[in-house]
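Coming up is one lone chain in structure tokens, specifically the form predicted alone.
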Amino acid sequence: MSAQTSDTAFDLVVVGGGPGGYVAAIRAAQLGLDVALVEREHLGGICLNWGCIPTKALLRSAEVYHLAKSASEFGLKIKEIEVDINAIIQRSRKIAKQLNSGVGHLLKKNKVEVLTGHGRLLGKGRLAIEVEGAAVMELSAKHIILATGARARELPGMEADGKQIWNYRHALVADTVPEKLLVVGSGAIGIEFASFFNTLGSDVTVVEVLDRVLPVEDEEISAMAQKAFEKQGMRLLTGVQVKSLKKAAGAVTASLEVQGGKSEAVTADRVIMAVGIVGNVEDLGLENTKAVVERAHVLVDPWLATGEPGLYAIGDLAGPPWLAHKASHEGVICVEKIAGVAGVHPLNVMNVPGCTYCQPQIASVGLTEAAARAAGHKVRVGRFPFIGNGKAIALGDPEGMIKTVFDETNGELLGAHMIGPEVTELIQGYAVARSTESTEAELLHTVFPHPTLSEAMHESVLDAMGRAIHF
């Protein structure tokens, strides 16, 4: 990357090189725009360097460890297996570094000018690049896309210190497998780290302020997940608020308030704070524009445009769902709208699948059953357990279920919800179905290969129509 360029005028400048920013820049270059991308730290952003990718590398190590411990169930003998947390972390960081380099190559291949520094808006179509607080150059552009992402939300008095209290970045470079671990928050980030450390041997307690774990998921899926996690040895406390964290030598004690006013104390070696994220809206020069910030996110219209002409915001900065693939898709939509591409349409966030890579995996798209009913739909629900699927049984992983929610009147697939083996890969089938507006009739007549886990998807559709074959 370069901090200087002879060109200072561009068709488009993208601020932030994460999965939204770099994809937007590449698509713009493909469409013939003269593009610059400003990144102050790591190409690939949080997702590639400190989120999606490295956490999956960690979880893969945990999965392999779990399988090795279960080797006798597959007719294999493994006498000794040990956890080397340093080697696990090193593998994760190596993968992130490899992909970081790959993003740089892709940007160069597409002739995107990459500039190192912090971007600050100066007013209409103008942007300063700062390095270590000093302005090094000024750019002008017809269009500017902000893709600065988000960071971990912190609670007053419970800020992460990287030693006893961790956020996700600290957990990704853990120097130990804690004997006792407290995870505050049971969303995807909290549950993934809880699953990772629990598999490696930590005594894990998860605290959630809402009434169930994974609260954005369908209630049945949340209940099945809780049962599975508890079977693995996790302790899950819902409807509980953390009032304070008190650090002492080698331990942190959390003061908890349970619904009804009861109190409890939990002591752990480490605490992971996973209580959501806030957009990186500070220090961008937004005060020099007509863009509106609300609850730490920049308000945008369906085309990702802000209140300032020529200024756009995408990804985590523009609000939920906080997912890398949503950011990338928004980047493409935004750029194609700018370039006048025919047929571009706004993103329907209900078609964005969500995945949690714990054990068991969880994935969903569309409305939950409760949300569908609340929206006034007369629903028809199908369910199929993996215990009825031959491939799942052969894999030794038959726990879980696929649930489909249809509109009884017109057969529309309103939502799909999964828990079990490799469901983060399976969910895309239903995402395609929703994107193409397929109904239960099309899904019913689709041929699913045998033996595969995907057959459970078909059986769930069949069950919604009272026609399940294998259960």
Partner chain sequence: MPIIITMPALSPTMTEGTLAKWLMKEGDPVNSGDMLAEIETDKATMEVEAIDEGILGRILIDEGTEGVAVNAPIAILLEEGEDASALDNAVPATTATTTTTAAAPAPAAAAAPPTPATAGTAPAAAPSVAPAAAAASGGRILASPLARRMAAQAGLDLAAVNGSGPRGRIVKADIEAAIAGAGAEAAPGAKTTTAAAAPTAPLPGASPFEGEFELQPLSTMRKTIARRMSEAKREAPHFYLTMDCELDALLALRKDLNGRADGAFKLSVNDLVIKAAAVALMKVPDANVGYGSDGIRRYKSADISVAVASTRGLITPVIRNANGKGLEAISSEMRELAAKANDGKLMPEEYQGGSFSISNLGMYGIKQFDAVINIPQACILAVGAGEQRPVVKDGALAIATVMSVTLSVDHRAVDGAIGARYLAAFRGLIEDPMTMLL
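Computed from a predicted model, the values in this text were never measured in an experiment. Numbering follows the first chain given and starts at 1.
Although it is not shown, the form predicted together with its partner chain is what the next lines describe.
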Heavy atom within 4.5 Å of its partner chain in the model of the complex - the one residue of 70, 446, 439, 428 that qualifies: 439
Candidate from 290, 378, 227, 105 lying within 4.5 Å of its partner chain in the model of the complex - any heavy atom: 290
Exercise: residue 373 in contact with its partner chain in the model of the complex, heavy atom 4.5 Å: no
Close approach of residue 249 to its partner chain in the model of the complex, 4.5 Å, heavy atom: no
Residue contact check: residue 31 to its partner chain in the model of the complex, 4.5 Å heavy atom: yes
In the model of the complex, residue 337 touching its partner chain (heavy atom, 4.5 Å): yes
Stretch from 55-63, 406-414, 420-428, 41-49 whose residues place a heavy atom within 4.5 Å of its partner chain in the model of the complex: 406-414
Residues in 339-360 with any heavy atom within 4.5 Å of its partner chain in the model of the complex: 341, 342, 343, 345
